[in-house]
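Following this are structure 1 and structure 2, which are two forms of one protein chain, each written alone as C-alpha cells.
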Structure 1
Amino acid sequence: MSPDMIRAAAEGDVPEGIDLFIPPLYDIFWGAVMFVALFLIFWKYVLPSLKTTLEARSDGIEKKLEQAEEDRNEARALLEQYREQLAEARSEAAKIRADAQSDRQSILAEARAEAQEAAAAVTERAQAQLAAEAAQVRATLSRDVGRLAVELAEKVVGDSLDQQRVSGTVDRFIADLETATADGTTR
C-alpha cells in the first residue's frame, strides 16, 4: 500500500468492519442533495422537454402522413381526369377519321361522275364533228362523182364507140381519175 493510503486508513477516512455499513451523516446529506437535485432536473426539465419533443415529432409524422394521403388522392383524381380526357380525345379522333372516310367516298363519287360527264361531252363533240366531216366528204364525193360521170359520158360520146376504143377510153379515164385523185390529195 502506498504511504498515502496507509495514512488515510490511519486517519479513519477509509471505513473498516461494521463501519462499512454505517454511513456518516454528511455522506447521506450530500448524497440526498445530489439525488434530489438530479431528480428535479429530470422531473422538471429534461423529461418535459423530451415529452414535448416527442409529441411534436408524432404530430409532425401524423401531419406528413395526412399530407401524403391527400397528395395521393389528388394524384389519383388527376390521373382519372387525364384518362377520361385521353379516352375522349381518342373517340374524337376515331370520329374524325370516320368522317374523313365518308367524305372521301362522296368526293370520289362526285369526281367520278364529273369525269364521266366530261368524257361523255367529249365523245359527243367528237361524234358530231365526225358526222359533219362525213357529211362534207359525202357531199364532195357526190359532186365529184357527178362531174366525173359527166366527163366520162362526154368522152364516151365524143369518141367512136368501137369496143377497143371504149375500153381504151375507160382505161384512160381511170388513169386520169387516179392522177386527179392524187392531185386532189396534194391540192
Structure 2
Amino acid sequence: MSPDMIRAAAEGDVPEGIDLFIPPLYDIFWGAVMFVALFLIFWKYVLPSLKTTLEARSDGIEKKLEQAEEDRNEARALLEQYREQLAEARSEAAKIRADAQSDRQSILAEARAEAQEAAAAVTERAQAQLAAEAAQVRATLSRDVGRLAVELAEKVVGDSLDQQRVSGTVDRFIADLETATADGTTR
C-alpha cells in the first residue's frame, strides 16, 4: 500500500470502486514530468549513442556482407581456375598417355624389327656355316670315296691306276649321285 493511500486511509478519505484504480492528479502530474524528463534524457543522450552503436553495427554487418560477397566471388574465381587447371592437367595427362602409348608402340616395333634382323642374321650365319660344313663334308666324303674306289679298283685290277683319270671319274660319279639324290628329294 502506498503512503498516499495510508494517509488517505488515516484521514478517512478512502477511495472506493473504480476510484481505487485511478491515481490522484498530483501522481499523474509528477509521473508525466518524470516521464518527459526520462524521455528527454533518453532522447538527448541514450538514443544518439544507441543510434551510433546501431549504425556502427549495421556498417560492420554491411562490410562483413560485402567482404563475404567478395570472398565468395574470389572463391568462385578460384574454383573456376582450379577446374580449368584440372581440365588442362587431365588433357595434358591424356596427351602424355597417348605419347607414351605411341612411344611404346614405336619402341616395340623397333625391338621387333631388331629381333627379326638379329634372327635373320643368326639364321643366315647358321645356314652359311651349315653350307660350309656340308661342302667340307662333301669334299671329305668325295676324297674318301675316291680313295676307297681307287684302292678297290687297284685291288680288282691288280695294278695302280692313273690318279687324275680316276679322280675325274669319281668326281663325275659323285656329281651324278648328287644330282640323282637332288631329283629324288624334289619329287
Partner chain sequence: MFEGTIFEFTRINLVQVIMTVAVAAFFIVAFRNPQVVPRGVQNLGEIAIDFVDKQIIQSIMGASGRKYLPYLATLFFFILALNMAGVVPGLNIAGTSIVAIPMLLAVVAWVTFNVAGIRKHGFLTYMKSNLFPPGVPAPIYILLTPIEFLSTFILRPITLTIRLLANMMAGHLMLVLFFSGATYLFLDADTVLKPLGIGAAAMGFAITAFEILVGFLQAYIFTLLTALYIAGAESEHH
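Residue indices: 1-based, along structure 1. All values reported here derive from a predicted model rather than from experimental measurement. In this text, rigid core is short for the largest set of C-alphas that superpose within 1.5 Å between two forms.
- Between the two renderings of this chain, the form predicted together with the partner chain is found in structure 1; structure 2 comes from elsewhere.
- Shown in the overlay between the two structures, fitted on the rigid core, is a CA shift at Asp27 of 2 Å or greater.
- Core-superposed comparison between the two structures: the CA of Ala120 stays below a 2 Å shift.
- In the rigid-core superposition between the two structures, residue position Asp171 carries a C-alpha shift of 25.6 Å.
- Taking the core as reference, the C-alpha deviation of Leu38 between the two structures is 3.4 Å.
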